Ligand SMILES: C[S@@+](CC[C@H](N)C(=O)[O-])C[C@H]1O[C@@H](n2cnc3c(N)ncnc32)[C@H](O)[C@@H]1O
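Next up is one chain by itself, shown in structure tokens, the form predicted on its own.
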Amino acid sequence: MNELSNFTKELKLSLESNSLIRLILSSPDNKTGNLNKITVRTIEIKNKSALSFLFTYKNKTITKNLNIEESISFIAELFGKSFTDCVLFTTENDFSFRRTKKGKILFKKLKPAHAGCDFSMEHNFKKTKIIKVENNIYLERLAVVKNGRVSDGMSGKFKQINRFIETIGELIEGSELIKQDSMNIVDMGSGKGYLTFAVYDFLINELKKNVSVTGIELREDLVEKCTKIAFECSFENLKFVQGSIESQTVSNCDILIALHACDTATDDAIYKGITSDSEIIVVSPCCHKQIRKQLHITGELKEITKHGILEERMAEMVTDTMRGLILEAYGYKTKIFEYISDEHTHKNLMISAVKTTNKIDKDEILKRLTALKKTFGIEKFYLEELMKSNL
């Protein structure tokens, strides 16, 4: 296939000239499968260039590293047989390839989207995602690490921290923030600060970004403790303030985080993320009382609510689905997934939202929300009411 040869040629040239930033394979032929896309970037392994493949599935991600030679043929095979869209980002030009149903490959040469940005191999998210335990003051003070090793009983917490950092890295990579050197992050309900410290550490010391991170926490003793640890770590642009999520005024926020905020506090956080025009919103909901009280299901589905545990899970699914719809209606590409397995924490559902420039049919999405509410007998949805109040 001549068009595929042209694709392979451009890929080889970008690798030979060291101009490859990343390559994205998307729109799989198998629409019902679990694999959504593959992101490829250059890395170094033992002083030799290689390509790292990030396979993004609906509920997990897998990384695979291959040498350059086998990578080229592997990518060509994937594009020729499994994916219909491929975008090649380089420092000189971007190239868009699309395979039609008849097998013809359409080709476009575009202006470089990341011109002037530093995309050295050291900026590889997968390579730098692990939070180091050696000489890590904040992990020592938070009892996650002792004598340079993960403390007994804290391996689950350490895995949770690293998985969250991996998630943040992936979200930044897929957003406009990848082009920015400076970021403002707000963590609403920061608690003991495990993830707040790790986010700051990762962005400042690994990705070399100029960031300001604010942890907001209601409990004064935790605010004082985290402030002291931040001072010990010389984390100059990390601060902790006392207050509730609902009472906080948020502005100029690039990334808003709210993990395990109970019931409607998650909605307050999402609302503040949307209205502050955050590029990325990440929440991990906890409790779903507001919707569970309203559930009024008729017909065959009523059988589910006879069992308390199933009714609770139904309330969780309905609430978070509606949250996802609100985020989509207000211009975000949204994903709901399990970010770490149940063995480490039961509070493992995450909603991530990245601002998109795609055209959004807000009215159509809100109609779907209304229909969903009707199905489950829901009269008022707190987040929806908040958004209406902002109009």
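The numbering used is simple: start at 1 and walk along the sequence shown. All values reported here derive from a predicted model rather than from experimental measurement.
Separately, the form predicted together with the ligand exists; it is not shown, and the next lines address it.
Trainee: Which single stretch, out of 98-106, 256-264, 137-145, 74-82, brings residue heavy atoms within 4.5 Å of the ligand in the model of the complex?
Mentor: One stretch meets the cut-off, namely 256-264.
Trainee: Among the candidate residues Ser190, Thr90, Ser278, Thr319, which is the single one with a non-hydrogen atom no more than 4.5 Å from the ligand in the model of the complex?
Mentor: Looking at Ser190, Thr90, Ser278, Thr319 one by one, just Ser190 meets the 4.5 Å heavy-atom criterion.
Trainee: If the cut-off is 4.5 angstroms on heavy atoms, which of these, Glu236, Glu312, Glu246, Glu232, is the one near the ligand in the model of the complex?
Mentor: Only one option qualifies, and that one is Glu246.
Trainee: Spell out, yes or no, whether the shortest heavy atom distance between Arg219 and the ligand in the model of the complex is within 4.5 Å.
Mentor: Yes, Arg219 lies within 4.5 Å of the ligand in the model of the complex.
Trainee: Does at least one non-hydrogen atom of Phe158 fall within 4.5 angstroms of the ligand in the model of the complex?
Mentor: Flag for Phe158 set to no.
Trainee: Can you check whether Leu195 is within 4.5 Å of the ligand in the model of the complex, heavy atom basis?
Mentor: Flag for Leu195 set to yes.
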